[in-house]
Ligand code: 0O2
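What follows is one chain in structure tokens, specifically the form predicted alone.
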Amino acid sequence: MRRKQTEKEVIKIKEESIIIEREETLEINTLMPAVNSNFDDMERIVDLKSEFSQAMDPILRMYNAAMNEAIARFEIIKDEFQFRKQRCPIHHIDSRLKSADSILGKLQKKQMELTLTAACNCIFDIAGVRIVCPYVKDIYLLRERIMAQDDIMIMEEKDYVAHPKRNGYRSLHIVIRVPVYFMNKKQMVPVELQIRSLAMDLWASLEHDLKYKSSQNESNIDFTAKLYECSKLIYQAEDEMEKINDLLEDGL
């Protein structure tokens, strides 16, 4: 089905991100059971844990379906390379779904309205899929393959591979909308993709562990410079190994 022609698109191009804003919003009323129709106000039910979880359940089911749809797209890409007996650009795929408490906490942190509508239309990483690749070139290959699918909408792209964060973090972040079909309508649901190499995933995992230990010890030491130096060493080794792989592939 074609996208409505009246839908407005504003494209903002920055050095580190590409953002495509659309008027399309998720309609949560079609997902909410009739008994939960008054649960859009999170602030009123924040202390009523069981009711809150019940209100969030159909929303999280929708995002879980979108997450599984996104995973299926990459599994098909993976199967195609294996069928053709070509080197696969996907090493492994991870996924995660934010909890209701985590969603509420993010709304509070960003000082947004504490409503289900705000959660669905302002938080785009409720469903997340991480694709880990052997080499950097595979990241952009997968980007091309997923962007070529005409039933997927690109909402936002941040290239931290070309423009690493100050601490050395590198990854390609893309927020897409994938179609999820219900009995009465189709919803285009946001899913955040993180596409990174094995070396980038190793650094990010170790950095996350160090950050957690630092917060537990209430340490005020700034490790940013050291983390950046470590990232340079890891990525230099990755670059050399990718060059070796290219030579081997060219010789085949």
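For every residue, the number given is its place in the sequence shown, counted from 1. Since the model is a prediction, treat every value here as computed from it, not as a measurement.
In what follows, reference is made to the form predicted in complex with this ligand, a form of this protein that is not presented.
Checklist entry - Tyr160: heavy atom within 4.5 Å of this ligand in the model of the complex? => result Contact check for Tyr160: yes, within 4.5 Å of this ligand in the model of the complex.
Next on the checklist: Contact with this ligand in the model of the complex for Lys78, defined as at least one heavy atom pair within 4.5 Å: yes or no?
Outcome noted: Contact with this ligand, no.
Checklist entry - If you check in the model of the complex, is Ala204 within 4.5 Å of this ligand, heavy atoms only? => result Heavy-atom contact with this ligand at 4.5 Å: present for Ala204.
Checklist entry - Looking at the partner-bound form in the model of the complex, is Arg145 within 4.5 Å of this ligand by any heavy atom? => result Flag for Arg145 set to no.
Checklist entry - Any chance all of Ser197, Tyr235 and Lys243 sit within 4.5 Å of this ligand in the model of the complex, going by non-hydrogen atoms? => result Negative, none of the three is within 4.5 Å.
Item to check | The single option of Lys186, Lys226, His208, Arg61 touching this ligand in the model of the complex, heavy atom within 4.5 Å | outcome: None of the others qualify; the residue that does is His208.
Item to check | Single option in His91, His173, Arg87, Lys137 placed near this ligand in the model of the complex, where near means a heavy atom within 4.5 Å | outcome: So the residue touching this ligand in the model of the complex, by this definition, is His173.
Checklist entry - Which one of these stretches, 147-155, 69-77, 93-101, 113-121, sits within 4.5 Å of this ligand in the model of the complex when only heavy atoms are counted? => result Stretch with heavy atoms near the partner: 93-101.
Checklist entry - Can you name the residues of 67-86 that have a non-hydrogen atom within 4.5 angstroms of this ligand in the model of the complex? => result Residues within 4.5 Å: none in this stretch.
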